[in-house]
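The chain below stands alone, shown as structure tokens; this is the form predicted on its own.
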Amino acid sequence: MNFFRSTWSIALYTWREGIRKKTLLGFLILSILVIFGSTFMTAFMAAPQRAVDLGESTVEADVQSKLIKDICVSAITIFGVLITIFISASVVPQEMDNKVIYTVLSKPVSRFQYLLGKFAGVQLIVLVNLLLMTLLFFAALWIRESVIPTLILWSALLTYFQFLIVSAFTFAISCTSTSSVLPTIGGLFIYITGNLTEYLNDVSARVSESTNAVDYYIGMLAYGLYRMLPNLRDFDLKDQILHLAPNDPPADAMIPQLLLAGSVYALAGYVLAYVLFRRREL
């Protein structure tokens, strides 16, 4: 019982400290403004569409609806991943810098408890921010189309697991650093690479037919990275949100398999973080 109480206390402390960060609040406010203002933006962006007389008001409404969805999904993804990387990269280095970590670890708190509490606190921050942005998007679509956009909820669930993977490995990098700069760069690299894994597969397929030894090894490396790295694009339902009805179920998305894969990658990232953190001299 004491184990969970101590871990939860560290998680709540991390949550309270995280929501006070001005950068984090700035990202959140910007994302809310973009999502909230998407309706007004589409009025100007769709103006050229009205100039082309298509003869059907439903076409204009469909264009505006897609613009709103595109803006909102992009805002949630961009600001959400920035919040995830920023908070995951800073919680441990910040406490090393201000010496708080030494006070915490001098108490009957193990390194495993401390790290688990910090990681849980990070996930609380990520979840709450994602929930706020998703609820605004949900409300905007519900008001505009008068249907319950359940597809948005499925998208939010998969988006969180996408953020969870990035967060876990960014958190692992932060356990080796005394500054948040390197983990932030590493987190951005992980996110970008995770969205380019299909390109690695294409590279492997192209060079497989080459007789050049260098191309062969490049192809082997690309294929190995493709099999090892998480494909974050699998967690993205943006195309479905743009083209399917808001209350349609996800199409061609293996939700249970994706959730399992996301959990496995996140667990691997956390285990790596613990191994690296345990080896540090504190």
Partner chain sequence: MPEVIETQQLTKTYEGGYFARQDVHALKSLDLAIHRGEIFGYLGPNGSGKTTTIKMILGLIFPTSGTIRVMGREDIASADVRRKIGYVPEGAYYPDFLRGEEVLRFYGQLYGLGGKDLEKRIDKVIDIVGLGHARKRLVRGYSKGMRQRVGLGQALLSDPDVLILDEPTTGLDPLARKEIRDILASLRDGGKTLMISSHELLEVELISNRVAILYQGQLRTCGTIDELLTDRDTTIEASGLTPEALEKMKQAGISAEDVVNGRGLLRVPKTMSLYEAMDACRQAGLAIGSVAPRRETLEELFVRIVGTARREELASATA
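From a predicted model like this one, the values you see are computed outputs, not experimental measurements. Numbering follows the first chain given and starts at 1.
The same protein also has a form predicted together with the partner chain, omitted here; what follows describes it.
So in the predicted bound form, does any heavy atom of V104 sit within 4.5 Å of the partner chain?
V104: yes, in contact with the partner chain in the predicted bound form.
Heavy atom of R206 within 4.5 Å of the partner chain in the predicted bound form
R206: no, not in contact with the partner chain in the predicted bound form.
4.5 Å heavy atom contact, S263 and the partner chain in the predicted bound form
S263: no, not in contact with the partner chain in the predicted bound form.
Non-hydrogen atom contact Y13 with the partner chain in the predicted bound form at 4.5 angstroms:
Looking in the predicted bound form, residue contacts with the partner chain include Y13, since a heavy atom lies within 4.5 Å.
Under a 4.5 angstroms heavy atom criterion, identify the one residue in L188, A120, V181, V100 near the partner chain in the predicted bound form.
Of L188, A120, V181, V100, the residue with a heavy atom within 4.5 Å of the partner chain in the predicted bound form is V100.
Considering non-hydrogen atoms and a 4.5 Å limit, which listed residue (V126, A140, V109, A75) is close to the partner chain in the predicted bound form?
That would be V109.
Out of the stretches listed (75 to 83, 161 to 169, 141 to 149, 92 to 100), which one is close to the partner chain in the predicted bound form, meaning heavy atoms within 4.5 Å?
Of the options given, it is 92 to 100.
Can all three of S6, S9 and R20 be found with a heavy atom no more than 4.5 Å from the partner chain in the predicted bound form?
Judged in the predicted bound form, S6, S9 and R20 all sit within 4.5 Å of the partner chain.
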